[in-house]
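Shown next as structure tokens: one chain only, the form predicted alone.
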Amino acid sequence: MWRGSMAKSSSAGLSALGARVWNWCDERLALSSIWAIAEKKTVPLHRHTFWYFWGGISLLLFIVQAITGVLLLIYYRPGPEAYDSVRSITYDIQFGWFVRSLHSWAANLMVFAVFVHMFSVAFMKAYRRPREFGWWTGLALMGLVLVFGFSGYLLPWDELSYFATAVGLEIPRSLPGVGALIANIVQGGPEVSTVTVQRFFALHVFVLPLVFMGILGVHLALIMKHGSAVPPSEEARPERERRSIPFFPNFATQDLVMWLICFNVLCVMAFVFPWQLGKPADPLASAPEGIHPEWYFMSQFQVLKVLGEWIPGYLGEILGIGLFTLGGVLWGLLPLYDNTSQSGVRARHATWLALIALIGLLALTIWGYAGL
């Protein structure tokens, strides 16, 4: 009896303390308003609901990269000692190889997840009014993810990263007039060197995260404001037949399960296929046979390679860059072209554009690897 009374008294005391802490924070941070928004937010429930998870998966992989990146930053030294520091992380620091593998695999999986998320948004037409800025901020994040990958690839300063970066920087160098100037500014000189490593390091760990976090905040705020879009097949159904679930706790719990599955897959890949470190970079050595950029740049690389064979010289390179630019502009203007909720000619054109872009990327990537 006495113990029961004491337990009740202790529980009441903790509840009262928790209420006071909540009220104190709520008065300063408006937590009740945030909670009210979370309670009202719902997620459409239909046969395509699975694709809503890919935005959260992309966010998880970014968080993993941020955490592992900070751990790697403790031991990494940019510049002439870059390779030795990465070798020390990989072979001397306890679990350093695992953290580095997590970081590298998370980078590749994040690019894949962002691609899946982008095309799922395109096919479900989630860019339509009033979500145009959600589409544009998403594309900006996609571009930053690719720059993250390109800048981080050089940092180990091994043979493969050196020559792959040198090949990648030939693209801006081919621009008429300003190409050489742009390449020299990025490289810190006429060729890729340890100065380039220092510049890419500053870009990778300071500039890009600041810009990325700002745009990500706007992107998430827009998602909270406009909610999840339903695909055209669901819009055609009567309102009373549409189903949805609360974001919190229902969809958030499912999202957490997907995060756990994804994180387990990431850990298995990092453990079974640890990220390798090649020979030190030697600018005086000849490029290894079959040198190529990372897989997410392979389609662009293949286009430039084919056009260079068909139209030798600067004209082929300029034509390739022009095609990339035109495709990117058309992709960005998609919400302005297909801007109604009705199914019609423009909607079909937008679907075909997305399908051609997806098939083209896959075909060119496979073609590029087959030709190595």
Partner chain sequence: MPADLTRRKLIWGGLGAAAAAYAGALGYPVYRYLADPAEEAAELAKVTEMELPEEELPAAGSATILQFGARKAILIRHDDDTMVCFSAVCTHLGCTVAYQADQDRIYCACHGGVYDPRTGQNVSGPPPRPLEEFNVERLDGKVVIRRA
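Note that the structure is a prediction, hence the values are computed from the model and not measured. Numbering follows the first chain given and starts at 1.
From this point on, the text means the form predicted in complex with the partner chain, which you will not see here.
Colleague: Hey, of 184 to 192, 157 to 165, 68 to 76, 217 to 225, which bit sits against the partner chain in the predicted complex at 4.5 Å between non-hydrogen atoms?
Modeller: One stretch meets the cut-off, namely 68 to 76.
Colleague: Of the residues 282, 84, 170, 92, which one places a heavy atom within 4.5 Å of the partner chain in the predicted complex?
Modeller: Comparing distances to the partner chain in the predicted complex, the residue within 4.5 Å is 92.
Colleague: Please tell me which of 141, 107, 118, 99 lies within 4.5 Å of the partner chain in the predicted complex, judged by heavy atoms.
Modeller: Checking each option against the partner chain in the predicted complex, the one that comes within 4.5 Å is 99.
Colleague: Can you work out whether residue 263 and the partner chain are in contact in the predicted complex, taking contact to mean some heavy atom pair no more than 4.5 Å apart?
Modeller: Taking the distances in the predicted complex, the answer for residue 263 is yes, it comes within 4.5 Å of the partner chain.
Colleague: Taking the partner chain in the predicted complex, which residues of 237 to 255 have any heavy atom within 4.5 Å of it?
Modeller: Heavy-atom contacts to the partner chain in the predicted complex: nothing from 237 to 255.
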